[in-house]
Ligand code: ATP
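For reference, the chain that follows is the form predicted alone, supplied as structure tokens.
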Amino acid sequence: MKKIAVLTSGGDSPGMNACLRAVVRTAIYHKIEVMGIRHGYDGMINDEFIVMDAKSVANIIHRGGTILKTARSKEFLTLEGRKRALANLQKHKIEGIVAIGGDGTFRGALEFSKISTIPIVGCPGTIDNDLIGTDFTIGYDTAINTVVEAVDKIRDTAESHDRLFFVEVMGRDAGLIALRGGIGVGAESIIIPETKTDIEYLIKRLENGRKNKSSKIIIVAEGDEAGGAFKIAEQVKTRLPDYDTRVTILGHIQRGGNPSAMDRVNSSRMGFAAVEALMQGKSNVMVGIIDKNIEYTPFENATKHLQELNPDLMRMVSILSL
């Protein structure tokens, strides 16, 4: 293998740059040329290829976002778009691709493999930690640390005013950020898509909870079936009008920021392993870390997992918030 390409696709996540750095420098070590593709699959279609060397990834391991930029490509969903992408890859003599992204990125790679023999290896870049095939995705650890830091600051105001705060965090399909972030901040309750929202239970917890608590924090995943933090807060306020209720939406703040040490190390391991996987002839697999070991999962299996979370963690939340 003489030349590979690397791209970042889908939503950005802290640690993508660290993964990119590892891909470029591992390839260069093995005397493989590297080209970066800007703006993900859109850049593959529009011929946004740039030459990358060791210096081009200097001083990025600590930076959030992605220096290659990212996008969600509608055109790549079409056969015509994928054919244009293939023509550009062939023009640049690309013999392998590392794709850093999430479920949509890998589904796109699978579709692309129907018209191309160029091997693709993926690295799981998503803050939601919702992919089968790895214990932690790139950006997840940083995202939950961002939630904890933000809610710690919100609690200062909550305690000063004896307020009840509903804090909405990212998690359209999965509540892992809400669950671990909520445990980390000592939340009163955590509301996530994987479990049925029981407003009556929440009301009873608030009614029967310790009365001298100076603050109460409810963490809500944005994809919860009850309609998000504002709708839940409105229902609680109607039933418990004596509470001074506030809502905070953390939003895209969770995607940004310098990656944590854990994300930097995991991302580096995955980028390193992705290049060596291409050299070993692997294709259409996602690099993951399971029980601290590198594992490879076929793209068709590395899908979003929408399953029940560990019930012991949910039970622990209710016990520790007494």
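From 1 onward, residues are counted along the sequence shown. Please read these numbers as outputs of a predicted model, since none were measured by experiment.
Just so it is clear, the following notes concern the form predicted in complex with the ligand, a form of the same protein that is not shown.
Using a 4.5 angstroms cut-off on non-hydrogen atoms, would residue 107 count as touching the ligand in the predicted complex?
Because a heavy atom of residue 107 falls inside 4.5 Å of the ligand in the predicted complex, the answer is yes.
Any chance residue 255 has a heavy atom within 4.5 Å of the ligand in the predicted complex?
Judged by the heavy-atom cut-off of 4.5 Å, residue 255 is in contact with the ligand in the predicted complex.
So, in the predicted complex, is residue 76 in contact with the ligand at a 4.5 angstroms heavy atom limit?
Although the ligand is absent here, residue 76 would touch it in the predicted complex, with heavy atoms inside 4.5 Å.
Could you tell me if residue 222 has a non-hydrogen atom within 4.5 Å of the ligand in the predicted complex?
Output for residue 222 is no: heavy atoms all beyond 4.5 Å of the ligand.
Counting non-hydrogen atoms within 4.5 angstroms of the ligand in the predicted complex, say which of 95, 111, 234, 162 makes the cut.
Looking at the other structure, the residue within range turns out to be 111.
In the predicted complex, which of the listed residues (103, 194, 141, 188) lies with a heavy atom within 4.5 Å of the ligand?
That would be 103.
Exactly one stretch in 287 to 295, 65 to 73, 266 to 274, 24 to 32 has heavy atoms within 4.5 Å of the ligand in the predicted complex; which is it?
Going through the listed ranges, the match is 65 to 73.
Using a 4.5 Å cut-off on heavy atoms, what residues in 259 to 290 are near the ligand in the predicted complex?
Stretch hits: zero.
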